[in-house]
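What follows is one chain in structure tokens, specifically the form predicted on its own.
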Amino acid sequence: MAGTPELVAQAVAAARHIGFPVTADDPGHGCGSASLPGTGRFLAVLAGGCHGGRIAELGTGTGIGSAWIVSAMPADATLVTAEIDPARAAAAAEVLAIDPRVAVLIGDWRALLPPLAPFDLIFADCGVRDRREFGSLVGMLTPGGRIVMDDVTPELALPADSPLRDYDPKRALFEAEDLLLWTEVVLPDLRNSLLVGTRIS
């Protein structure tokens, strides 16, 4: 996949239209923001292998991550994405309405997604920090299914006095989950990374 898919560009435009942060320089960044291009490309790589698979996303925003996934997933794959903010969900639904394989749900993923499991790929982009909730997500994966969490700062990019050097709540979730084989993937900007786990049983 070369360049940025048109659907992603439309989702970015929708984000800017409603004032949803797209880059680290946008007002409001840190209180929810769009998926970075490096994250999107990585998601596309994983989605491209989900033949006949079911993909879930938590925290749709305006659909930027979804658009990367949809642009790469096979014709027989489906995506369900949950967004708790009605304005963001509406913007995403408008962007993604072109593809019948996608369902945009408005509400809390805790209620919406478990009945639709299992999934072959989960993109957890909604700030999960609780070990029990994370375990629930892992439990919704098929054996061999993958879970991705973004917005992690590589250790070498952290200030020397950052408390995240000693304890990062996201890394702690992955480290404590016995059902996952996981690793950290540093993005090309060297300032952001992803946590990626595969359910091994």
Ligand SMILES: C[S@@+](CC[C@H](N)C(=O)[O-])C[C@H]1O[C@@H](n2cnc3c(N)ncnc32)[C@H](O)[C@@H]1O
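All residue numbers refer to positions in the sequence shown, first residue = 1. Computed from a predicted model, the values in this text were never measured in an experiment.
What follows is about the form predicted in complex with this ligand, which we do not show.
Participant: To test your reading of this chain, name the stretch in 157-165, 58-66, 135-143, 172-180 whose heavy atoms come within 4.5 Å of this ligand in the model of the complex.
Facilitator: Flagged stretch: 58-66.
Participant: Is there a non-hydrogen atom of Asp108 within 4.5 angstroms of a non-hydrogen atom of this ligand in the model of the complex?
Facilitator: Because a heavy atom of Asp108 falls inside 4.5 Å of this ligand in the model of the complex, the answer is yes.
Participant: Within a 4.5 Å heavy atom cut-off, is Asp120 in contact with this ligand in the model of the complex?
Facilitator: No, no contact at 4.5 Å.
Participant: Check whether Ala93 has any heavy atom within 4.5 Å of a heavy atom of this ligand in the model of the complex, and answer yes or no.
Facilitator: Although this ligand is absent here, Ala93 would stay clear of it in the model of the complex, with no heavy atoms inside 4.5 Å.
Participant: Contact with this ligand in the model of the complex for Ala82, defined as at least one heavy atom pair within 4.5 Å: yes or no?
Facilitator: Heavy-atom contact with this ligand at 4.5 Å: present for Ala82.
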